[in-house]
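Encoded as structure tokens, the following chain is the form predicted alone, with no partner shown.
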Amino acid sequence: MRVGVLTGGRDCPGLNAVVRAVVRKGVQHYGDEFVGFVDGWRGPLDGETVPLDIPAVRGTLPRGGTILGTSRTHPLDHPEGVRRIRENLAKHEVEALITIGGRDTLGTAARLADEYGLPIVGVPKTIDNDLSGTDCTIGYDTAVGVATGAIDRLHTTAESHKRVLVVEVMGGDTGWIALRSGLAGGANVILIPEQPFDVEQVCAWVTSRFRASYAPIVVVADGAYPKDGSMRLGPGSGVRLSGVGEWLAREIEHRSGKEARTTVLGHLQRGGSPSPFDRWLATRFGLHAIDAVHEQDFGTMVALRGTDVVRVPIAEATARVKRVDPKLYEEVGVFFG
């Protein structure tokens, strides 16, 4: 069988581990041939490929980024997009396509599979962990580890200078990275998009910490916003994320009189080598994805449920955003202030 593989959307650690597992099992167990489509959906749209075999994936397990390249191309925005993809799959004799991506990439995959009958199997990746069909996505654990390590380091400089340090982390419309890294890193305030925050309450928590002779760390997701709407419109508004950390530090300094600084982790969270967990998860997803191809279980996505890898419809997995449960946020509230 000849199988195509692509990685779409934003990069994250663990993508190469998926490709490696797909190719290794496909070649060794099924006798498959593979073709890599470059730069996400642009590859099948333009017919641009790279050779993909066992030598091509050798040594890629710990490598960050993606050897196939990626982009945020939306083929359904092109009037002839579906026709061009069909023609290019046929031209390269591709009988099935494994699509590794997040909400946008897999949302496109769901439509191409369900509405146009293309033979697609999905693999979930995104540091935001916002795909509802799986307990965990590739890249999330690594991002949390990077953020937690940064918070650990920032505690010492906060204490040395007796200042507030605001740490802005990624997450899009969700607060999974902020919640988990903030709790693991011992943050004193965690702010997420699912729970609009009260700036005065944040300042009260900060002041309370200083009364205990402790310099506080505030972790804020880049999509978080204040209740009064003074900073941004919130999730789904189309406002470009990032900037809330700087804004919040200025507000804290102005309202509390305490010196405040911001650290924006940005793309550090999605770069570099994947964590051991992400290598394990990505490898298992890859192994199960090529099995799904050979069982012709198209239109499905491999997913983690507990410790099991299962399959769910791609459309179902991308139908809604997986947000932080209010009860999970309530649990960490005991550490605020």
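None of the values given here were measured: they were computed from a predicted structure. One rule holds for the numbers: they count along the sequence shown, beginning at 1.
There is another form of the same protein, the form predicted together with a further copy of the same chain; it is not shown, and what comes next is about it.
> For a further copy of the same chain, considered in the predicted complex: do all three of Arg163, Arg270 and Gly306 come within 4.5 Å of it, counting heavy atoms only?
Yes.
> Identify, from the list Thr174, Thr73, Asn88, Thr148, the residue with a heavy atom within 4.5 Å of a further copy of the same chain in the predicted complex.
It is Thr148 that has a heavy atom within 4.5 Å of the partner.
> Which residue among Thr263, Thr207, Ser132, Gln201 has a heavy atom within 4.5 angstroms of a further copy of the same chain in the predicted complex?
Contact residue from the list: Thr263.
> Name the stretch, out of 103-111, 76-84, 184-192, 216-224, where some heavy atom lies within 4.5 Å of a further copy of the same chain in the predicted complex.
Single hit among the candidates: 184-192.
> Taking a further copy of the same chain as it sits in the predicted complex, is Ser256 near enough to touch it, meaning that at least one heavy atom pair lies within 4.5 angstroms?
Taking the distances in the predicted complex, the answer for Ser256 is no, it never comes within 4.5 Å of a further copy of the same chain.
> If we define contact as a non-hydrogen atom of the residue within 4.5 angstroms of the partner, is Leu118 a contact of a further copy of the same chain in the predicted complex?
Looking in the predicted complex, residue contacts with a further copy of the same chain do not include Leu118, since no heavy atom lies within 4.5 Å.
> Indicate whether a further copy of the same chain has at least one heavy atom within 4.5 Å of a heavy atom of Arg279 in the predicted complex.
Taking the distances in the predicted complex, the answer for Arg279 is yes, it comes within 4.5 Å of a further copy of the same chain.
> In the predicted complex, does Asp141 come within 4.5 Å of a further copy of the same chain, counting heavy atoms only?
Taking the distances in the predicted complex, the answer for Asp141 is yes, it comes within 4.5 Å of a further copy of the same chain.
> For the heavy atom contacts within 4.5 Å of a further copy of the same chain in the predicted complex, list the residues of 35-67 involved, in sequence order.
Heavy-atom contacts to a further copy of the same chain in the predicted complex: Asp39, Arg58, Leu61, Gly64, Gly65, Thr66.
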